[in-house]
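There is one chain below, alone, in C-alpha cells, taken in the form predicted on its own.
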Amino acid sequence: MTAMKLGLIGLGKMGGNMRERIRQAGHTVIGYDRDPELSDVGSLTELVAGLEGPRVVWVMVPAGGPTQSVVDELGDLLEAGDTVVDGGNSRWTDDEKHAEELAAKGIGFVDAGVSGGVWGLENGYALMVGGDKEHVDRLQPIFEALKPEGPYGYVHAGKVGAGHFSKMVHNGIEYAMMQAYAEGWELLQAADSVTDVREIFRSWEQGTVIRSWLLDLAVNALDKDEHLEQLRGYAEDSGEGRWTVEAAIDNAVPLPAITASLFARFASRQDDSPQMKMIAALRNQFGGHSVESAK
C-alpha cells in the first residue's frame, strides 16, 4: 500500500470519523473545520501549505453554497495537477459545474457519494465515485482505506456526477424502504390481536426476505423506546429524495414508491405521524440525524 497525505475539509459526524479511519489505514490527514476544536490547522491556506504536490483535498461540507465556497477558495489555492474530491451530498449537476471550473485551472475533480453514517468508522463506507480514470486511480489508496473490508463497497460509477447521482438514487431507495418498515410498524401497533410489535420486528432479522441493516436499526430504536413515545412524528428530507424524484421526471422513469415516501415526509410536518416516529428513529440510528422530542 502506498501511504498518502491529503487534506480533509469538514470534520462533522461523517468527516471526523473518515479522518480517523483514513489515519488508521496508515495515511496522513490534515483536517480543517470552522470549529477550531476539531481542526488540525487554522485555515484552508494552512491546510494547502501542509500538502506536497500533486495535492489531494477531500471536501465534506454541506451541499450548495458551502461546497461552492470551498471549491472556489481551493481553485485559488491549488495548482495544476492537484485534485479535489467532493464527498458531500452535492447534486450531480453541481459536480459538472465544479469539474469544469477546476479543469480550467488544470485541477482534477472527483465526486464521491459516501454512505455509512455514524457507523462508517467501525464498518467502513460504501463509495460511489465519478470522474476521469486518471483522477480516480490516484485516489485508490484512500478509497481502499474508507471502504468496508472485502470485495464490495466501492464502485467507479462513471464520469463526473455519476458518484453523486448513484448516491442520490441510493438515498431514494432508502426513503422507500424506511417508509415500508414504518407503515408495517404502524399497522402492527394498531392491531388489537398483536401484543409485541418489537419482538415481531426482531423475529424478522433472521430468515426473512425483508431482513436488512435498516431492520436491525429499527429494532435498536425500539429497544431504546418500545413504542417510540419519546419522539415526535416529524422527519426532514435531506434534498436527495427530491432530486431523485426530479431526475425521474426528467428521464420519464416511474418512481411511485420513492415519490410516495418523499410526500409522506412532507405530511409528517402537518401532523404527529406515527409512521414518521419510525422514520425519525431510523435516521437517528444510521446517520446520527437529530430527532424532535415528543411534547
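Take the two forms, superpose them, and find the largest set of C-alpha atoms that agree within 1.5 Å; that set is the rigid core. For every residue, the number given is its place in the sequence shown, counted from 1. Values in this document were obtained by computation on a predicted structure and should not be read as measured data.
Just so you know, the form predicted together with a further copy of the same chain exists too; it's not on screen, but the next bit is about it.
Although the partner is absent from this view, E122 stays clear of a further copy of the same chain in the predicted complex, with no non-hydrogen atom inside 4.5 angstroms. Residue contact check for D35: none of its heavy atoms lie within 4.5 Å of a further copy of the same chain in the predicted complex. Remark: S69 does not count among the residues lining a further copy of the same chain in the predicted complex, judged by a heavy atom distance of 4.5 Å or less.
Interface residue remark: T83 is not counted as part of the site for a further copy of the same chain in the predicted complex, having no heavy atom within 4.5 Å. The stretch from 40-48, 259-267, 54-62, 26-34 that comes within 4.5 Å of a further copy of the same chain in the predicted complex, counting heavy atoms only, is 259-267. Note on the partner interface in the predicted complex: the residue among R138, R202, K97, K105 having a heavy atom within 4.5 angstroms of a further copy of the same chain is R202.
Within 4.5 angstroms of a further copy of the same chain in the predicted complex, the stretch 147-161 places a non-hydrogen atom from each of P148, E149, Y152, G153, Y154, V155, A157, G158, K159, V160, G161, taken in sequence order. Taking the rigid core as fixed, one finds a CA shift for I9 smaller than 2 Å between the shown form and the other one. Taking the rigid core as fixed, one finds a CA shift for M278 of 2 Å or more between the shown form and the other one.
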